[in-house]
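First comes one chain, alone, set out as structure tokens in the form predicted alone.
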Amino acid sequence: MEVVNATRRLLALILVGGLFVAFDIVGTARTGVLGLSLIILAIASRVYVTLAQGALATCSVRGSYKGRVEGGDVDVEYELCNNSIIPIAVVELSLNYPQYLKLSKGSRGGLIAIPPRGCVGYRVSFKGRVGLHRIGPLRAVLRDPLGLYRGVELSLGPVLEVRIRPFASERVLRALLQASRASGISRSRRPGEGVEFYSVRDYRPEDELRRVYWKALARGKLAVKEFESEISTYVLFVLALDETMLYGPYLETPLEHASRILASIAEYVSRRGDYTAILTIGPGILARTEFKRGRRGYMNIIELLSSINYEDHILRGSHEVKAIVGDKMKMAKYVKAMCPRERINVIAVTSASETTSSLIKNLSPLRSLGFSINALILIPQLYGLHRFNPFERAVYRLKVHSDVKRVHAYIKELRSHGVNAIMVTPWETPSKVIARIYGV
């Protein structure tokens, strides 16, 4: 395959040069030298582009990025270094990145020239959104300054795997920690080994003498003191993914809203010292973390949320996952196998779509095992509604009225099965959602 291809400009230049030479031969005009100069220029350009193409192919390219939090700027930088003595000009650069990312600074493409033994930088910035995004490589096409020749397209630099973590509001966390203990999420207490006084009970033969309550004995009653010990609760987050989770404006989709809610609850639970894990289900993914306590469990959840790849995990199908999710007994058995023999609090987040609507129903058999199931049902049709003017909003509400009505009926059915189902709108903050679940 040719590494250098001629453009239409070369054909025009050769024709003009040939005409100038022909005019000189027939004696019409003295343009032979000019014609030969144009032909020599075309040949020299071909030699240069061939050498520069080789230099461009051997360039050392380093890629890096800064920024890992949702909503913040993710700065991506590539540095191209020319290791040869041949100047490289002109190079058309374009960056390969997912269609779900949006540039906040810089341009997707541009023109650069790399001096001999020198380096140039290419920088762009994105608004970070939750998940894993593969950025790169750079696509480079070399042309000579006159545009007579075009080199073959080269892929330069590494593919950067940018992981963006969901944003958990510190203000929400402080409000949760200052609120009263939420049922089903905070640690509970039971009698056992501990240092804090729990209660007084009657003496039993197996009790140790050091626990005898002497004040009661002085009143003629043999009793012992009990101390309390804390038991940690187990919280399992379930996130169901499909293409409807990507509906809505940039940074305001159901997926990003759900990620903020899960991150806020997980942070709160970790500060209470409880055990947490997460299970993500989608057309092309079935991933989970193990139950870990405190900060370690929280970080595992954040890392999994930041590893969701939109194209691989949401838009591509998987028959194996569909077989598990679509079967009530298989789904319940799968979740039961990953959980310890403790009371589990399940917090499931899903959109009101046909793909994920059966998920919560398939979790309902776990209630017989003592599981407490909470379901947050997102309505993708409402995301982006706030950007309409009042009249457009009213018309759109009429259009999606049947969808919202269907969600209400679905939630009512879930509640009849003992599932604490709540409809979540896009304008509800994580603190409001948590308050609605736990009464904080």
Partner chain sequence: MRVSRSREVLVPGLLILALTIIGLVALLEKGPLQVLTAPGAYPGNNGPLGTSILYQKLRENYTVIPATNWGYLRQVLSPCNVSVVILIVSPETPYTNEDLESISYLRSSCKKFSLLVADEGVESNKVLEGIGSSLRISGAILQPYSLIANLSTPWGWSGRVLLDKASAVNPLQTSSNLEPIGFVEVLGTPIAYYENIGGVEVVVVGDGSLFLNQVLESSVGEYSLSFMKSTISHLCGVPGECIVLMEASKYMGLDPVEVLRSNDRRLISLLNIVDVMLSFLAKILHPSTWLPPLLNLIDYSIRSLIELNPYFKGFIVVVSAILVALMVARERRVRDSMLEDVTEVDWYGFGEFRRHLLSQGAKITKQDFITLYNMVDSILRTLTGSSLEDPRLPQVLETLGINAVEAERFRGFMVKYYRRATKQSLWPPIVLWGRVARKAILLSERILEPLGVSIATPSRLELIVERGLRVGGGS
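Numbering follows the first chain given and starts at 1. Keep in mind the model is a prediction, meaning the values are calculated, not measured.
The next section is about a form of this same protein that is not shown, the form predicted in complex with its partner chain.
- Interface membership of R163, defined by any non-hydrogen atom within 4.5 Å of its partner chain in the model of the complex, is ruled out.
- Using a 4.5 angstroms threshold between heavy atoms, T50 counts as touching its partner chain in the model of the complex.
- Using a 4.5 angstroms limit between non-hydrogen atoms, D207 is distant from its partner chain in the model of the complex.
- The closest non-hydrogen atom of Y149 lies within 4.5 Å of its partner chain in the model of the complex.
- Annotated contacts: R134, D312 and G418 are all free of its partner chain in the model of the complex [non-hydrogen atom within 4.5 angstroms].
- In summary, among the residues D75, E226, E92, E79, the only one with a non-hydrogen atom within 4.5 Å of its partner chain in the model of the complex is E92.
- Only one of G63, G384, G35, G67 lies close to its partner chain in the model of the complex, with a heavy atom inside 4.5 Å, and it is G384.
- Contact with its partner chain in the model of the complex, defined as any heavy atom within 4.5 Å, is confined among 79-87, 98-106, 332-340, 261-269 to 98-106.
- Residues of 242-275 that come within 4.5 Å of its partner chain in the model of the complex, judged by any heavy atom, are L246, Y247, G248, P249, Y250 in sequence order.
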